[in-house]
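Quick heads-up: it's one chain on its own, the form predicted alone, in structure tokens.
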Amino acid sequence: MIDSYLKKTEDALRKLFDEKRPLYPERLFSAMEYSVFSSGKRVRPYLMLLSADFVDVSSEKILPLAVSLELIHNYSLIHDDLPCMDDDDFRRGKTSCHKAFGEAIALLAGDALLNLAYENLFEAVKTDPDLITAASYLAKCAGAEGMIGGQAMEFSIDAFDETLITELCMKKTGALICAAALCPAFVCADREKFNALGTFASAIGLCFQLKDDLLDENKSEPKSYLGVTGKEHTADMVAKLGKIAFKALEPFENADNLRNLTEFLLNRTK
């Protein structure tokens, strides 16, 4: 991964948190900071910056959306770990937020990160109306038609087949991946690149979740793609989705960075 792209996201997140530090209750701020700066890979904002390059949108223009996307992702992880959800005690090799700060503060830290994401989006579109459609799409992907809808499926459906578990994965994980890839295209892209990014994003969004299932095989849940379809089929699907992603980018000479990210996601070991 390109260090300068990762640094842009990290610096922007740090700047935002430094601005908010004196304004937020201390323990709430600490829980938010603990969760956001916890060695995450920043895949989603990184993908958004690569996609921006692909459609000739400047990284500075799209960076506020990339930051908001990462805030939304991290709020969802805090809530995912809560006892009422997945009840996980650890996240990224550290004690999960609710174990470190208590359930009430963890719940509020997630809420505050989500609200901060939208504050940041409103500030961005207020100064740059070109971002309005992209910001609206990001919000949709994060909500009940996307990530939250997928999480709700997990708790409201008892028996999954491959079709339902694929829909769950595409919403719960794939929606924010699609937002990362497509938000810059809403700002500026011809139809060919827009369609290619849509196909690419759908493929790697599902692939990302299936690869997670394979890496977490020892603690695979029944309501996971691996749990429903088995290891061999899941591995075959990862390979198939990788081919779809590469095929979508094939016509474009300036897609090398997106191809490299796809290779990284397919071959990652954690």
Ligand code: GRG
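Treat the numbers as computed from the prediction; the structure is a model and nothing was measured. Just count from 1 along the sequence shown to find any residue number.
Another form exists, predicted in complex with the ligand; not displayed. Remarks below refer to it.
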item	value
Per-stretch contact check against the ligand in the predicted bound form, the hit in 179-187, 95-103, 123-131, 69-77 (non-hydrogen atom, 4.5 angstroms)	69-77
Contact test in the predicted bound form: D53 vs the ligand, heavy atoms, 4.5 Å	no
Contact label in the predicted bound form: K193 to the ligand, heavy atom within 4.5 Å	no
Contact label in the predicted bound form: E33 to the ligand, heavy atom within 4.5 Å	no
The ligand contact at P64 in the predicted bound form, heavy atom, 4.5 Å	no
4.5 Å heavy atom contact with the ligand in the predicted bound form for all of P25, F29 and D111	no
Sole residue of M170, A139, I148, L107 within 4.5 Å of the ligand in the predicted bound form, by heavy atom	I148
Contacts with the ligand in the predicted bound form, stretch 179-214 (heavy atom within 4.5 Å)	F208, Q209, D212
